[in-house]
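Taking the form predicted on its own, here's one chain by itself in structure tokens.
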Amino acid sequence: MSVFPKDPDWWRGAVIYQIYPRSFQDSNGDGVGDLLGIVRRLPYIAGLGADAIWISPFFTSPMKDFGYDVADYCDVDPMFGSLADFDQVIETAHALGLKVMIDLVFSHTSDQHAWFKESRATRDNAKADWYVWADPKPDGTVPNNWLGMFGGSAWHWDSRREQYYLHNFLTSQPDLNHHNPDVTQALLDTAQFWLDRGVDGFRLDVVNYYMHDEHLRDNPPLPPAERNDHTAPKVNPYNHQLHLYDKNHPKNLEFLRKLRTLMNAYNAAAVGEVGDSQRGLELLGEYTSGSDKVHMSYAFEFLSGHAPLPAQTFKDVFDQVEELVSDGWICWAFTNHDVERHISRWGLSPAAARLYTSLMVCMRGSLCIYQGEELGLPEAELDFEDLQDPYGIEFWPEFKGRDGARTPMVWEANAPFAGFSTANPWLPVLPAHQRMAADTSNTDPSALIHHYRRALAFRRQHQALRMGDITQVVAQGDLLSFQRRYGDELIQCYFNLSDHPVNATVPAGHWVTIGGELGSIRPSPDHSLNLGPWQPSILLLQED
């Protein structure tokens, strides 16, 4: 058994850097990133100031959904390397002070997994009930109206068993039957395999999709006025239903309690992906409440929207979190591998990008940063012929899929393929990205990466920002303000979320300006505060 971190709360307030391994660094010249490529670049992540890494799936897979269709939970796909290579990731990361979290996909497998091959063979084999099987209606149609995330029915006919099987995503991703205790035990064994190998935690893919309604009841329709694109793009008919019965089952929590008990023995932590357009924060509160379920979950509230978010939106979200997640813990992200990069989605100028980064490191919760975010990479505009993502191919051109956020990381501006690989990459490297490569950014004092380093270092210096409460949240026009407190440390934060000046009045007290490296300004002697466009003021209360 590995040596585990001594602090069981290492995850609380941590900054987690997400690595999409196909696109991070290629070490063997095949155009696809791999584990040894990650090893090579770990010093870069440590130098940025992250506390942990989250690696998207690298398990054996036919790659229909690029690793989120797992064919063997306990081995590495040869495309990414070997178990020995993964051990090197662990050893190198730990030597640099980085925790390692891996992406576990427990709601479904690939149809190439040995479990599914056995399950589909007959109706009476040892794993016949390991997946969600159902007879057709008398007229041969699907068992109910459930829809898949990638379009169309969530049911697929299998001629071997003459039954339908459930797939919330691709037809090649059959859903596991979590009502079967043998399935849940096999998944717990999987988690223990990786914990014994030295991982510090997990990111749990679509954690609220694990269980389905045993009676297979139809989902009710969702009125058009209540639809949004937090979970699926607007053009997806998935948004037309209230997903009461195909996910969010109350017994999900029973499995999570068992997983948490296992993780506690290793001081490991998990961040869940709770995706639901109507009950997102409510479910997040349920899944992270107390100390017996998921440690934290990331929210979708800032992973959607196509304009710079105003102060009132932040206040509304913070207020909802206080109401619904007061006994839980949230993990914030502006960008990840499934959404359009926020630089493009919000149309951010360099000054606005810096300000939103400063705001993020002052927010209550843990943080996820996605590779390339620190370089200010915009969404890559790809031609249809370049697409690899089945989601984008299905809904093009109204929804262009996820490939625009998954193009290769850019390391060297003057190297072929920006230093990602010596071969033609699996997705193209855009010239606009190559000009923003890490080596060029490092030598440009105005580049965003320096602001990220300063912001993460600033957060680490203040326990009130990492661990403290958030109170006094106020939105006045374009001005957002709030207080963070931990023990005797009280910090007052102001953020001008606009391109014009705003004014504020600082509460009485002896306030010392901090965060000058982030552009934070001091108030006037009369306690008035005059913030320029996209400017913060962060103040620490000192005793007289």
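All of these numbers come straight from a predicted model, not from anything done at the bench. One-based numbering along the sequence shown.
Unshown form predicted in complex with beta-D-glucopyranose; subsequent notes refer to it.
Remark: Tyr68 counts among the residues lining beta-D-glucopyranose in the model of the complex, judged by a heavy atom distance of 4.5 Å or less. beta-D-glucopyranose in the model of the complex comes within 4.5 Å of a heavy atom belonging to Gln173. Of the heavy atoms in Ala413, none are within 4.5 Å of beta-D-glucopyranose in the model of the complex. The shortest heavy atom separation between Tyr370 and beta-D-glucopyranose in the model of the complex exceeds 4.5 Å.
Proximity to beta-D-glucopyranose in the model of the complex, defined as a heavy atom within 4.5 Å, holds among Phe202, Trp194, Phe150, Trp332 only for Phe150. Residue in contact with beta-D-glucopyranose in the model of the complex (any heavy atom within 4.5 Å), chosen from Arg459, Lys99, Arg406, His295: Arg406. Contact with beta-D-glucopyranose in the model of the complex, judged as any non-hydrogen atom within 4.5 angstroms, is confined among 100-108, 280-288, 179-187, 219-227 to 100-108.
In this stretch, 255-283, the one residue having a heavy atom within 4.5 Å of beta-D-glucopyranose in the model of the complex is Glu273; the partner itself is omitted from this view.
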